[in-house]
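Take a look at this single chain, the form predicted on its own, given in structure tokens.
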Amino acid sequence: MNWDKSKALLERARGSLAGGVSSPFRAKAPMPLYFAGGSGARLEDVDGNRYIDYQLAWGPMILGYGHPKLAEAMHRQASLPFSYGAQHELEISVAEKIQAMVPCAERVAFTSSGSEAVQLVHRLARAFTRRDLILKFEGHYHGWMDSALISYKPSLEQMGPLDSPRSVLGSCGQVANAIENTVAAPWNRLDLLERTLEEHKGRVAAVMMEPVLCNSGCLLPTDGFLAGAKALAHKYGALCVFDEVITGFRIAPGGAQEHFGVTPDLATFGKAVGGGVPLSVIAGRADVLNMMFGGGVVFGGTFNGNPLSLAAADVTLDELARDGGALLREANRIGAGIRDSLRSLARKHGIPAQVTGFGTAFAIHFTGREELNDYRDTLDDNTDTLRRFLIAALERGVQIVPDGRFYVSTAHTEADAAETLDAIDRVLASL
């Protein structure tokens, strides 16, 4: 493929944008492309190349690109004030729809990004329990802010022994005392979770996790882990928190908590909830969220619950809930077919690989491991092979998230899947 215009724009951008991109994660792509449009599951770049897209703007485009109902709602709302800094009926309508879909949603609060939602959850949990520590799991991502970016992508040496891991800062410039307020544990190990809670007895405010570890390889929880983690959190007086920024409104209309049948005390949502616009949600117990109104917890935001974002969410949630979640079930069915076929294609070409995750969010790992259960297991992945795979796929018109993740939308069709698998067959043959 010819990417001359994208390359020229990237060079131009480096003269004004720091690093040439608006998010450093995007710079990790094998070829940072510039796009000019898209429809359904397809994108077109400035050089005129077309792609079946499995990046979906890193997850939010759950309905695909250019969804007519979503576009109509945004157009209609754009003729009204973009924001009031005050109340409007869409806030109630969207909150009620989330309540109807999400098991834990006794009350709802809106903000603009997943990172912000996590900060509120941390503050609420600490205020409610009158404790300081947040227990999180290695490899789980809860945003880029100082208090949350702990033990996200550390090396094995930095983490130390499995049975007594160290918390690891995730960025230069991060305040060192963030570690003092966070404790990290290996995921999918109830025995080690209980040991950690016992070691910090009476100090842990919340046990927080991605219910599916999407940010480090789309790893599923082992049988009974989510329920066991919730039970242990409550046994030690802590809240159970799910970070559903990715799984929410994607694995099922009610998120991972609906899919796995485990209801947390609090949950954060983002990405898919707005269908592509900036929006995040905190949902959970009324007694905890009402700490913002008479309980001393401070929270605010000029753009919280703005009409443009909620107009998009109103339509997105209607589409995902319609006919008992039929659209999302179909998307997960098509995605599961691609996932399973990727495994078969890797075997066909004699390439050691695992494909992990669920239908609308899964990842390919080039590894000789038979099982992947936690972040440490992914450290054996062959990143050089992954990079060659991503570039070869891009050259054949398939765009994938730079870490090997595939996101599937309700706009992806069986024809898209067949075309994708034909291209990936040729990619794996080339490797």
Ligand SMILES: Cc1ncc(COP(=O)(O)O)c(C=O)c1O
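The first residue of the sequence shown is number 1, and the count goes up from there. Because the structure is a prediction, the values reported are computed rather than measured.
There is another form of this protein, the form predicted in complex with the named molecule, and it is not shown here; the text below is about that form.
- From the list 345-353, 198-206, 110-118, 219-227, the contact stretch for the named molecule in the model of the complex under a 4.5 Å heavy atom rule is 110-118.
- Checking 325, 143, 359, 154 against the named molecule in the model of the complex, a heavy atom within 4.5 Å turns up for just one residue: 143.
- Comment: the named molecule is not present in this chain, but in the model of the complex one of 245, 135, 311, 320 has a heavy atom within 4.5 Å of it, namely 245.
- Using a 4.5 Å cutoff between non-hydrogen atoms, residue 215 counts as a contact of the named molecule in the model of the complex.
- Remark: residue 265 does not count among the residues lining the named molecule in the model of the complex, judged by a heavy atom distance of 4.5 Å or less.
- The named molecule in the model of the complex is approached by residue 271, whose closest heavy atom lies within 4.5 angstroms of it.
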